[in-house]
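First, one chain by itself in structure tokens, the form predicted alone.
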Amino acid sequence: MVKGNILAVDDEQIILRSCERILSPEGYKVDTATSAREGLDLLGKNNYDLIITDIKMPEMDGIEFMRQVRTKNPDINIVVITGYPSQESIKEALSLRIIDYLPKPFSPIHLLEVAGHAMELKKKGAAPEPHVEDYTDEVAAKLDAIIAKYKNKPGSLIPVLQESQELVGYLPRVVQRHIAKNLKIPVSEVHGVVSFYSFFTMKPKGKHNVRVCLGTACYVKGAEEIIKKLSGGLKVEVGGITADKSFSLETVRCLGACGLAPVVVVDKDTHGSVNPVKAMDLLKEYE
């Protein structure tokens, strides 16, 4: 059974081959295009659940490609993949309602994660959001105070999101909608920023947050095995929280500490050269 149809567009063959090699064995049907124009041609002939596209490409760049995609299919999920994003390209990509961003190089786990997320979004459609216990009348009032502090200042969204995350612990969609309404900006813009920056999270965290780096250096040195050990030891999936809410487990794309690979961060403590076999020993001092 095919999990979903994916179109990958990039002028680098190595990226296209990586997408095929990682996604096809997991049940996805992957078509590839080496240019935006070829991608538009395939889009006119086939139905896709997800488009993965580079931003910097010759002849037609990814931004213009996405604009034309939106005229053909306003609701298709799009993920941007690029090595050197500029603030302007990020802003334009967010305005075109991308659902996620992948840096180059990317790890197999992250590619599968964004593909799975895209398929979940398509499957759920407009399903109602579950009740969020952390969003109370008291929290809503405090959010209003945060928004009022920055409302008339340029670039207010990111500081509002930062303080809101400190208040609630994470940024569920109900909080994003609250912020969007009071800043008078589209919900898609708020969601795009939250999805793009790795320091924002839409999932609740435990008393202690455990992050495993999946940057290239860490991945090569056994980060995937560390994740398996921590997931099994804590009895929680990546992105989840333990039953007693003591620990949450997540991955990050890069922590900027490649010389210490593989790296695990618990709260604000960085642990380098972690031995996968002894990964659970790191958590003893936090129990």
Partner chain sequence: MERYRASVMLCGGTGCIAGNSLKVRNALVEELKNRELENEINVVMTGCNGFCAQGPVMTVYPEDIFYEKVSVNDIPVIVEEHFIKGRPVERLMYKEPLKKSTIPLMKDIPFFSLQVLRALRNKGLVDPEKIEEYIARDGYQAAAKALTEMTSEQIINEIKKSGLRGRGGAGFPTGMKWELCHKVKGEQKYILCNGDEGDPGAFMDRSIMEADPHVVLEGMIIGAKAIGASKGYIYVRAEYPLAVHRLQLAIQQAKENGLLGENILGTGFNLDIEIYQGAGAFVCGEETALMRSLEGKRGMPIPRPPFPAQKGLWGKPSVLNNVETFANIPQIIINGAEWYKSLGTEKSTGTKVFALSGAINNIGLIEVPMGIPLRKIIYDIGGGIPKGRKFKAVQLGGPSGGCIPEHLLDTPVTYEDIVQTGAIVGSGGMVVMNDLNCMVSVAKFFLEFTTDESCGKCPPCRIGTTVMLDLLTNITEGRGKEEDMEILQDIAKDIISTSLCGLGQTAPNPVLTTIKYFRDEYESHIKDKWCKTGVCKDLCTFYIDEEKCKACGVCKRVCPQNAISGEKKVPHRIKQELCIQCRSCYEACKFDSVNIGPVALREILKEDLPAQEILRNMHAAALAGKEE
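Here the structure is a predicted model, which is why all the values come from computation and not from measurement. Numbering follows the first chain given and starts at 1.
Below, we refer to the form predicted in complex with its partner chain, which is not included among the displayed structures.
Chemist: Of these, 78, 193, 143, 93, which has a heavy atom no more than 4.5 Å from its partner chain in the model of the complex?
Modeler: Partner contact (heavy atom, 4.5 Å) among the options: 193.
Chemist: Only one of 180, 168, 174, 158 has a non-hydrogen atom within 4.5 angstroms of its partner chain in the model of the complex; which is it?
Modeler: None of the other options qualify; the answer is 158.
Chemist: Even though its partner chain is not shown here, does residue 221 get within 4.5 Å of it in the model of the complex, heavy atoms only?
Modeler: Residue 221 belongs to the contact set for its partner chain.
Chemist: Report yes if any heavy atom of residue 14 sits within 4.5 Å of a heavy atom of its partner chain in the model of the complex; otherwise report no.
Modeler: Looking in the model of the complex, residue contacts with its partner chain do not include residue 14, since no heavy atom lies within 4.5 Å.
Chemist: Just to confirm, residue 255 within 4.5 Å of its partner chain in the model of the complex by heavy atoms?
Modeler: Residue 255: yes, in contact with its partner chain in the model of the complex.
Chemist: Heavy atom to heavy atom, is residue 209 within 4.5 Å of its partner chain in the model of the complex?
Modeler: Looking in the model of the complex, residue contacts with its partner chain do not include residue 209, since no heavy atom lies within 4.5 Å.
Chemist: Counting only non-hydrogen atoms and a 4.5 Å threshold, tell me whether 200, 215 and 259 all contact its partner chain in the model of the complex.
Modeler: All of them do, each having a heavy atom within 4.5 Å of the partner.
Chemist: Partner absent here, but in the model of the complex, which of 64 to 72, 221 to 229, 51 to 59, 29 to 37 has residues with a heavy atom within 4.5 Å of its partner chain?
Modeler: One stretch meets the cut-off, namely 221 to 229.
Chemist: Would you mind checking 93 to 121 for residues with a heavy atom within 4.5 Å of its partner chain in the model of the complex?
Modeler: Sequence-ordered list is empty.
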